[in-house]
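Here you get one chain, nothing else, as structure tokens; it is the form predicted alone.
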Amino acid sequence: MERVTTGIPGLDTIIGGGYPRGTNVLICGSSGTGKTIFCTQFLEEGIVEKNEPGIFITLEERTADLQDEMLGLGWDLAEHQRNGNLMIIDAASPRIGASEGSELRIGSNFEIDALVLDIHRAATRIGAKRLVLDSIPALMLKVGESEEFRGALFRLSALLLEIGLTSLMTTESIDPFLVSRYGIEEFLARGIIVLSLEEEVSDLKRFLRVRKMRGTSHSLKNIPFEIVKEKGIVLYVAK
């Protein structure tokens, strides 16, 4: 099986060498667990180390805010855009219409089929191998009713599998007994990684757990991690 490196040191070993190429993985966690950083690290590693262009679909943060946040970790997304290695599809900004170059903007006229078409066009334009969608709850707010939302998720998932992109999609976990916010996302994903914040004594500590990964064996342990400047997410895997 061909593998795609995760960009997270230590995680490749835990899941047998990386994500199965072409799979879609759900990244779950409450606010502040590091979901966006986790996903951006995947794209950054692909661009810098593997010559694999990527697509970032942002439904929560404007492109400029995302660029500023990640620059603080040493990741220059704007440079990747200029070099043609990254396409950002901005569905968070209020501006309507497509811009030239390495960013597409989708405003109040949001339609899921238009987004699917833009993903296909962007993947073809830059030869993308990796994709991030952040986030599914924001998609729900734009799509609306639950039946339409289910259909939108299915069409997105089917497209990503069809064109062979290895993709990460984020969602919220608002109940400790539920994996995802809506309870349906995990059934469309071939992998699930849960990021959590847990209280130990008087401190909050971050943990990662691989809950599901089809096509490969994996650890089920709760693994501590930190977010480190210039490095991103660092796992502390016991040897």
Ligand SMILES: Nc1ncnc2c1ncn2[C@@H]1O[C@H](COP(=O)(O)OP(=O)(O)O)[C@@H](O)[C@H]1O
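In this text, residue numbers run from 1 along the sequence as written. Just so you know, these numbers come straight off a predicted model, no measurement behind them.
Keep in mind that the form predicted in complex with this ligand is missing from the display, and what follows is about it.
Among heavy atoms of G164, none comes within 4.5 Å of this ligand in the predicted complex.
In the predicted complex, no heavy atom of S196 sits within 4.5 Å of this ligand. Taking the partner from elsewhere, G84 is found to have every heavy atom lying beyond 4.5 Å of this ligand in the predicted complex. Of the heavy atoms in V210, none are within 4.5 Å of this ligand in the predicted complex. Of the stretches 69-77, 119-127, 84-92, 155-163, only 69-77 has residues with a heavy atom within 4.5 Å of this ligand in the predicted complex. If you take 25-45 and check each residue for a heavy atom within 4.5 Å of this ligand in the predicted complex, you get S30, S31, G32, T33, G34, K35, T36, I37, in sequence order.
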